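First, one chain by itself in structure tokens, the form predicted on its own.
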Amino acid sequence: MSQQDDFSNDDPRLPAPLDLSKWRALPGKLIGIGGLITVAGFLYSWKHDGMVNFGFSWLVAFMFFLSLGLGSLFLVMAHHLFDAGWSVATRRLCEHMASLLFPWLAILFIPIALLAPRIYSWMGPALQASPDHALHAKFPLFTTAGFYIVAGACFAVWWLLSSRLKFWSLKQDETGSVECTQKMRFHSYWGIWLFAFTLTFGAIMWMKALQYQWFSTMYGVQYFASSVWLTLATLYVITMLLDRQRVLSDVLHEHQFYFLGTLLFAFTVFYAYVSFSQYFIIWNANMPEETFWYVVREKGTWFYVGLVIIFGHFFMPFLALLRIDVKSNFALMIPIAAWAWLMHFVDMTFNILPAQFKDGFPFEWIWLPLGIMAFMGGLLAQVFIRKFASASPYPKKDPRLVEAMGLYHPVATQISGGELDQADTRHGAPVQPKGGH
């Protein structure tokens, strides 16, 4: 496994480090190739459809990568709220990914803000002047001013949370003060509430609002579940690569990868539960103003895209992750993580594109969202790598770092000759840690 007992970074029993030299230029290549496709799509869409298809394609890519930022922010706060020990080693990775929310994802939101009147039909002057019943029921949220106010509020909250949590984490590296731990727990306590509200509003205003007549109280939870699912798959691969490169080997042991795989399995089930519950409740109620959203997604090739999500987003990863040993098998988990990226992309297209392409999946336009995703992915990857290199790869003075390594403080076992004998409780020893591995 990644970190066995008494293994050092130069231990010959560890797997050889991976040669990643040929991959270092990948983010730059993605920016270049993706940027060219993005510019070509921009010019083509501007000439033929008034930037509508470009706006929808950009929205698909943006909501995909927004999932990584929000999922990472949630994992950081969950770490502090539950006082977790095992996740100390991966917390810094999540902090860096969460810090992409501002300013980088906020900057990538600008095209959506500019093209919003073309993307969202309810922002047209006719409906704004004389709203129909469905739009009037959502006043003042579904107004032009409401759209931009919500966007500003969401990014303000995400910036405040991600910046404060990262600030105190880096401060902890310097001082090791208990104040740092208390501050991070404090910001996680109040932040988790605003995180839930802002994520829900973001999912509603930027995705569900494409078909504003639709009502769903579970939509934000569905987006949350898929976001954390994608983030866990991404975090697993990054942690594995850093482990192989001896960057995190000293602070990892055999449990972290199993726990990440278990959480991935849990959110696979959670996403399926929320998605099916939303469909089941709406379909059984049989109210046209709600069921139309699913009726549109049963037309043409969208029906087959829905089947891909059912079997690919749930059944395949569910069955693949059932076995305990799979969660610690890199050769199996890497394809599963890559599959999670593909399924999340399909999920974003299923939620967004039917509002524009009602007759079926726009295969003739698939090159544009993929090109924009390449551009965004390369840009965000470069920023993440730079952030990762600017600080310690893990929290050096976290009070539970020793526990994350699988090394626990010795405990008293018996009194012999007036002195206290100590027992080393390392890895399979008699005394369990507070967090319980």
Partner chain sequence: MSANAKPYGLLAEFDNTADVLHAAEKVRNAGFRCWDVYMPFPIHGMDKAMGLKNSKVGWFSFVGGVTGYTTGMLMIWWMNAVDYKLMIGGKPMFSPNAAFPPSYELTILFGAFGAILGMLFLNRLPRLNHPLLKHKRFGLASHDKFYVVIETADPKYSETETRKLLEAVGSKRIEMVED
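Positions refer to the first chain, counted from 1. For clarity, every value in this text was computed on a predicted model and none was experimentally measured.
From this point on, the text means the form predicted in complex with the partner chain, which you will not see here.
> Is there any non-hydrogen atom of E298 lying within 4.5 Å of the partner chain in the model of the complex?
E298: contacts the partner chain in the model of the complex.
> Is there a heavy atom of F139 lying 4.5 Å or less from a heavy atom of the partner chain in the model of the complex?
Although the partner chain is absent here, F139 would stay clear of it in the model of the complex, with no heavy atoms inside 4.5 Å.
> Using the partner position in the model of the complex, report whether P335 sits within 4.5 Å of the partner chain, counting heavy atoms only.
Close contact is absent here: in the model of the complex, P335 is far from the partner chain, nothing within 4.5 Å, heavy atoms only.
> So, F276 and the partner chain: in the model of the complex, are they within 4.5 Å at any heavy atom pair?
Heavy-atom contact with the partner chain at 4.5 Å: present for F276.
> Tell me, please, which stretch of 165-173, 260-268, 301-309, 83-91 lies within 4.5 angstroms of the partner chain in the model of the complex when heavy atoms are compared?
Answer to the contact question: 301-309.
> Name the residue from Y148, W283, W339, F318 that puts a heavy atom within 4.5 Å of the partner chain in the model of the complex.
Partner contact (heavy atom, 4.5 Å) among the options: W283.
> Within 4.5 Å, heavy atoms only, which of T291, T143, Q245, Q182 is in contact with the partner chain in the model of the complex?
Of the candidates T291, T143, Q245, Q182, T291 is the one lying within 4.5 Å of the partner chain in the model of the complex.
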